[in-house]
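In the structure tokens that follow, the same protein chain appears in two forms, which are kept apart as structure 1 and structure 2.
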Structure 1
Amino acid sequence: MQARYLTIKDFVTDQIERGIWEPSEKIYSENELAVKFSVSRMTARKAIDSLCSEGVLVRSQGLGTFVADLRPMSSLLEIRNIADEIASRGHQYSGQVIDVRSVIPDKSLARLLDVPVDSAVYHSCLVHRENDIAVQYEDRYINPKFAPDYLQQNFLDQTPNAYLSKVAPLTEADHVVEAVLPDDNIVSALNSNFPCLKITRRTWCKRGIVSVAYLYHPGDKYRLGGHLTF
């Protein structure tokens, strides 16, 4: 015998999968669900709680419960500001700005950023250090539309990631993780010729693709931890 809140959860999931409730559409209220399934409101709430924490539903006090807009494709990688991550380990963060300017993207980058081929985009290149040891080489391209003042920022005060999170709040991201041999620029910037863990990350705000970042981590000094519960 299945728990009642699971029955409700299945029902809601089913409605969404069948397309009866579409993204951003309002679903039944907690009271309606409680009446429909003859349970207490707390039980109906529990089903919704669970779907909210899975990112399937979104609640809004006074308004109702809605089907979430953007569906996660598959796997999840949390995005943390590297300065915070280093600080949370009790270590000292320092940054070094290598380059900040406007560039014309090549075809493939323009496509990745979803901008016209001949229009300028912003570019920044930094090295992030933990206790003075380089742990990340960050090569990033930004769609100017979402961060027009990007070139005027001081990225020693605030990482590009932190700044972009403020002006164009993240709604979505995707990642590719690879092992690569670093090229000469990266070897000298990181002061290591170890194989690198390369993360290619695209970030979205509500209105489009904000930036594409190539993040290189010396394989001997950086680990990308993960944890997952089913």
Structure 2
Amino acid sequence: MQARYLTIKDFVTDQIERGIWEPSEKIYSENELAVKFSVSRMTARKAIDSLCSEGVLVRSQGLGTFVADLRPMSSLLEIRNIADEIASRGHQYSGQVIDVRSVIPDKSLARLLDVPVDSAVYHSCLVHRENDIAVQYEDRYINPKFAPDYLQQNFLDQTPNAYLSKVAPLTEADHVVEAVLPDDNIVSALNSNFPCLKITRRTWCKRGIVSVAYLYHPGDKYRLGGHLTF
């Protein structure tokens, strides 16, 4: 017998696929789902949490849960190698490698990278500096299938972005920008306890999903922007 939270997941997914709930439309609350399916609110929340982690739904605190807009958003922000971006301003780039190793992903990360849960993926963590000021904390996970020699690279000579662009050229990307309070490790690495602009970015090459990166920018030292032509 199918777990009850999976029944709720199937219902929500079906509503979206049939166009009954459209992108950015608010869905039933956890209480409403619990009543509709005669389950506890915790069971309904488990279903919603799972769909949020898969990117199907998004929560807005105080407003409710909405159907995610899955249309690519990359046109709003240019994806550039941060070292090139800093150099284009006439400034000096430098990097600090905190961690490069193989890890076992949890279910959510494995789903994002489209790899089996029990298979190893590569992880790197770096701090990028502009004129010796930390402007980005990069926490990245890579599918080894598309960058098998990733762990052997010297990321003081080239950034992960630059390396991946060579071995698995970018064909597609999606990203989400949000304001977050950084944890102690990020506060220490960025030398800033200001709220951060966090970019969650997933990139593809022609053969599949290459990486998932979590990029933190200190709000007092960095801005995001771009130019749109209509």
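Take the two forms, superpose them, and find the largest set of C-alpha atoms that agree within 1.5 Å; that set is the rigid core. Please note that residue numbering is based on structure 1, beginning with 1 at the start of its sequence. The shown structure was predicted, so the numbers you read here are calculated from the model rather than taken from an experiment.
Tell me which of the two structures is the form predicted on its own, please. Looking at both copies of the chain, structure 2 is the one that matches the description.
V12: CA shift of at least 2 Å between structure 1 and structure 2 after core fit? Yes, the C-alpha moves 2 Å or more.
Yes/no, W21 Cα shift of 2 Å or more between structure 1 and structure 2 with rigid core fixed: Where the cores coincide, W21 still shows a C-alpha shift between structure 1 and structure 2 that is 2 Å or more.
Rigid-core-fitted C-alpha displacement of Q61 between structure 1 and structure 2 (angstrom): Once the two forms are fitted on their core, the shift reads 51.7 Å.
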